[in-house]
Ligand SMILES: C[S@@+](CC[C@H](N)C(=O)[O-])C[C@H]1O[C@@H](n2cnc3c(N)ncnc32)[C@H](O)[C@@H]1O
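In structure tokens, the next block holds one chain alone, the form predicted alone.
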């Protein structure tokens, strides 16, 4: 485990705010409805069965990695689906938090950067399906690899979620702007790919004009590297950002002007 990640994990564990001394009504409600571990997880059984199948799938696929640390001049990468699943699937606990945020705040306009194998996308789409008809939502997920996108689409079909998901293939740098321009505003902007400082800041700045008072921007792996942590700290200090909630594995960014500027750390494990 990288020293940067481990150091910040220990720091987060000992400095996170205890829920019984949390003085923000908004964040307290967010914790109770979305972050606090749920007792009944049966609603997620179908998606978790898909996760289990992916983790056991030894089929080999060839793809090009467009994320952080990739070399576009290198040969295509060959890996088993199970290897990809172990490396890239969001933990169930975190995916369920994102699901609950979309569900409880009745968000309907969502963009995800980084479909991967489609598990977190399915959590998001299942929340949309509980609240709306498919023609009432706009959920676009962007994936750089054709082979990986195809596998994700198979999961969406299996879960009967395809009508709720617009799956786009391509480099984020090329696809994000046209996707954003197809939205009037964005409720949820979830960045789960190309974990570099430069890319994260670029995506944040591009999406910012589409945020409204109740939007949430979600950034994955904010302690994955020093660059990601630097981006997270700069985003927290942006003049339009009013509240952030640091869950270590993901960071939530809010723009609620009716609240004082505050930054919170909460434990999820």
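Bear in mind the structure is a predicted one, so any value in this text is a computation, not a measurement. Positions refer to the first chain, counted from 1.
Just so you know, the form predicted together with the ligand exists too; it's not on screen, but the next bit is about it.
Among heavy atoms of residue 188, none comes within 4.5 Å of the ligand in the predicted complex.
Under a 4.5 angstroms non-hydrogen atom cutoff, the ligand in the predicted complex has residue 89 among its neighbouring residues. Although the partner is absent here, residue 219 sits far enough away that none of its heavy atoms falls within 4.5 Å of the ligand in the predicted complex. Of the heavy atoms in residue 223, none are within 4.5 Å of the ligand in the predicted complex. Considering the ligand in the predicted complex, the lone stretch of 153 to 161, 130 to 138, 191 to 199, 178 to 186 in range is 191 to 199 [heavy atom distance within 4.5 Å]. Of the residues in 170 to 192, those that come within 4.5 Å of the ligand in the predicted complex through at least one heavy atom are, in sequence order, 170, 171, 172, 190, 192.
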